[in-house]
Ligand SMILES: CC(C)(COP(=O)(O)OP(=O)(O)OC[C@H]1O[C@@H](n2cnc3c(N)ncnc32)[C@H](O)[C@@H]1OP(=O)(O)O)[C@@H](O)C(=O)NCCC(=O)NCCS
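Shown next as structure tokens: one chain only, the form predicted alone.
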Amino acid sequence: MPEGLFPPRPEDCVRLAAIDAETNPSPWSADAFRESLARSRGLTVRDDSGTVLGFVVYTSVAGACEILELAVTVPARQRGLGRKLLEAAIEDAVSEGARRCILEVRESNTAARALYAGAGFLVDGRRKAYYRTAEGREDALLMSCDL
């Protein structure tokens, strides 16, 4: 496991949900994190006191990695933590035989789109009106990269 990254503990799920709720209009609940992490993989990045600053939840099945959720708390952004989490998830998935990575992202999430594009992801599809927003619905962009 890369230095500074740790698997999430069950008691972290409340914190993961709080981080997700900072900017996600339809965030996962703590229970949703618990359920997902029971059948998926995850990593957290923490500060010196052990407080979770960011996380990634992903799967690696049948040669494909899927990024399910990735978020960094607002005050800890612009420090490369999102990139570190993404790269570690991909590295782990590759060690398990993944040859491709897929994800979906809100069209309006320009910061995440830039992170993924910088890691080699390309837009290869769109799900119309996939995400709920305060104003209605928003498209999801489907992105992928070969590993």
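Counting begins at 1, following the sequence as shown. As the structure is a prediction and not an experimental result, all values here were calculated from the model.
The form predicted in complex with this ligand exists for this protein as well; it is not shown, and the discussion that follows is about that form.
| message | Counting any non-hydrogen atom inside 4.5 Å, which residue from V52, L115, L37, I90 sits next to this ligand in the predicted bound form? | response | So the residue touching this ligand in the predicted bound form, by this definition, is L115.
| query | Thinking of this ligand in the predicted bound form, which stretch from 94 to 102, 28 to 36, 81 to 89, 57 to 65 has heavy atoms inside 4.5 Å of it? | reply | Within 4.5 Å of the partner lies stretch 81 to 89.
| Should L43 be counted as a contact of this ligand in the predicted bound form, where contact means heavy atoms within 4.5 Å? | Answer no; every heavy atom of L43 is more than 4.5 Å from this ligand in the predicted bound form.
| query | For the stretch 46 to 73, which residues lie within 4.5 Å of this ligand in the predicted bound form by non-hydrogen atom distance? | reply | In sequence order, L70, A71, V72 come within 4.5 Å of the partner.
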